[in-house]
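The chain below stands alone and is given as structure tokens, in the form predicted alone.
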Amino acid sequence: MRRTWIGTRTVRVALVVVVVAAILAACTSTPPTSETTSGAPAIKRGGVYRVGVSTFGNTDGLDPTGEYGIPGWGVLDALQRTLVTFRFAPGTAGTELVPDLATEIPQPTDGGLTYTFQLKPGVKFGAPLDRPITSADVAYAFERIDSRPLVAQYGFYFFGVIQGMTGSAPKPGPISGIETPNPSTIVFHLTHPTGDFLYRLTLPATAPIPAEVAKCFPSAGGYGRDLVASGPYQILGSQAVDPSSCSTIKPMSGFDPVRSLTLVRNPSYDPATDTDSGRAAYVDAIEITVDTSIADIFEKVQTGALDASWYDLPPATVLQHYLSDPTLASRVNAFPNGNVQFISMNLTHPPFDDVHVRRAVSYIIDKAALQKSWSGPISGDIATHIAPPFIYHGQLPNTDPYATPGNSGSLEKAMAEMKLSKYDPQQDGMCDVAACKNLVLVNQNIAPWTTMEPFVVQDLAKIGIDVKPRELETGAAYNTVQRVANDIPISMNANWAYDYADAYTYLLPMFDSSSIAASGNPNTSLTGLTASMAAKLGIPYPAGGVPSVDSSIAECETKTGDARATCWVGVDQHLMEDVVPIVPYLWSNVIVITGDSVTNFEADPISQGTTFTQVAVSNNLPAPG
């Protein structure tokens, strides 16, 4: 999910954000109360932003140490602050790195190996602690990342980068590469110069965490129900939690992972300590309600019972209704978020351990039909490579290694590739053996994935690959695919977005062997898996081995500027043409429909979706609690 400035270079990435909205007002660090300097009416503060969603889709129960979903990160942006952040603003303004908890952005010393941060005075945790945030709280966040039982799903950004961080600690404990000489100073010592280290410190897992509460949750996902806020909002019911001992800590009432999440203002948050980020915090509360009926969500938006949808794709009939009505079209907000949707194939599981089978799948998939299932072109562009073109700064050739007429798939090309496979002994262009039958295909149980499913099933059947769909709730689908022991052969619920706008944040987590983990595994294709790793994970290892791009990724990470972008292009092309672990089919947009009560809506590079701190409403509803 994220942002910009690559390595040490000074060229910003212009993120293209298309927002069809009635009002897109510029935010300021301290919102005015009457009128702006230009004389335009100010954005009104107060009210409750009411949002409907079919599922939270959390990957780790909102525990920032392991939460790795775009929706979860959007919520954490309202609850937490980090040492540095990207400015809360749309478009290129949202790519500027600014100090947050830190007094300033430091320059590295010791040849790029040491970063020293000073914390601002007056920054406090919210309820139930209401105490100053110290350097020890920031250090404890990294200790949790380093703890194996807590399953830090993107710990790879820090393992082997900060001295002493390996991700193998049995529990949170001191890290040799992190010093806290006093409550307001934290020092990081790196193993090697890392040009984008500051950007990694914007990630939610690095936000300060109080040990006196979080220590009570020694396994993955538990802390999300009692997350102590450092940002402008906190979970409703925070003040009722008794932190005197682990036995007295009960879940905050405002978060039911299957029903609702309510955020209210954090009274311990002092805007005077937050003058650089641009956080506006207009509304008094944010109410997110789970409604498994997507049609019901959009009906409530239209009637005013909800103020907006969140990230569910509107049904085609609903979207057409809004776009065809001039009085409603301004409520449709469509914006790219760097998200690539793809079909993932397990390189250790027959028949997908054969590159010719994987190429055949890449040729047979009707991408045009899948795009139509997502509501057509408004839902995003058909993907021809892994990361969207802006990630490569115009250096990605405008080519498609699996081009087919109308992007509708080619049976002829797919069968020609299948004939080269060991799984086609009859040489008829079909996957003929038993390994091609009764394969589990994991999918989400909501549209547009359920709408796409018949197309994928019938396309694969054309080349003899027989799959049995298994539809699961979003979070369960991710967790099932990301648990290596489940040995899922193929999945279509897969997607990935940038953590900050550099190809490293796609290619390393998705394809480097260092990101493979027993659970919470982002490298679902298992690209780069070695025989020793397979033995430790307790899974079979194919006789022909598994291709690796580890060395290529490591080489590119040392580069900066245009040389870096060119290097990443080479890795992308090699993966698409020679390794073929996935079939990217859509660079998707987020489409949010807002109601009449929404007076300011913003989607920026920070959240890659609705930016909750920047939304304003006119409903005058009182905050709950």
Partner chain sequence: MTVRAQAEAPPLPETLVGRTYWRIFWRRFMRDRVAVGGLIVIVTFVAMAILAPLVAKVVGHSPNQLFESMRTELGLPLGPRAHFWFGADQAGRDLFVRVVYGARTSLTVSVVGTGIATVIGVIVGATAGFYGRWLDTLISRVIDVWLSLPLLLFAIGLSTVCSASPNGCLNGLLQPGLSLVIGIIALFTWPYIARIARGQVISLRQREFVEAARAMGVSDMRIVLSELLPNLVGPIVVYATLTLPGNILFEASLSFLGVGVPQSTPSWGRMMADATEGSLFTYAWWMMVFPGLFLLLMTFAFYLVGEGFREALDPRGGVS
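Residue numbers count along the first chain shown, from 1. These numbers were taken from a predicted model, which means no experiment stands behind them. In this text, rigid core is short for the largest set of C-alphas that superpose within 1.5 Å between two forms.
There is another form of this protein, the form predicted in complex with its partner chain, and it is not shown here; the text below is about that form.
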Query raised in the report: Should the three residues Val84, Thr273 and Asp284 be counted as contacting its partner chain in the model of the complex, with contact defined as a heavy atom within 4.5 Å for each?
Result: no
Requested in this report: Go through 67 to 75, 472 to 480, 141 to 149, 346 to 354 and give me the stretch that gets within 4.5 Å of its partner chain in the model of the complex, heavy atoms only.
Outcome: 472 to 480
Report task. Scan Thr450, Gln395, Gln239, Thr114 and let me know which has any heavy atom within 4.5 Å of its partner chain in the model of the complex. Result -> Thr450
**Report entry** Thr317, Thr248, Thr109, Gln426 - the one with a heavy atom within 4.5 Å of its partner chain in the model of the complex
**Finding:** Thr317
Query raised in the report: Does Pro405 reach its partner chain in the model of the complex, with heavy atoms at most 4.5 Å apart?
Result: no
Report task. May I ask you to check whether Asn445 falls inside a 4.5 Å heavy atom distance of its partner chain in the model of the complex? Result -> yes
Report task. Classify Ser373 as contacting or not contacting its partner chain in the model of the complex by the rule of any non-hydrogen atom within 4.5 angstroms, answering yes or no. Result -> yes
Query raised in the report: Does at least one non-hydrogen atom of Ser260 fall within 4.5 angstroms of its partner chain in the model of the complex?
Result: no
Report summary line: Residues in 478 to 514 that come within 4.5 Å of its partner chain in the model of the complex by at least one heavy atom, in order, are Thr480, Asn486, Ile488
Report task. Verify the C-alpha shift of Pro121 between this form and the one not shown: is it 2 Å or more after superposing the core? Result -> no
Query raised in the report: For Gln482, is the CA shift between this form and the one not shown at least 2 Å following rigid-core superposition?
Result: yes
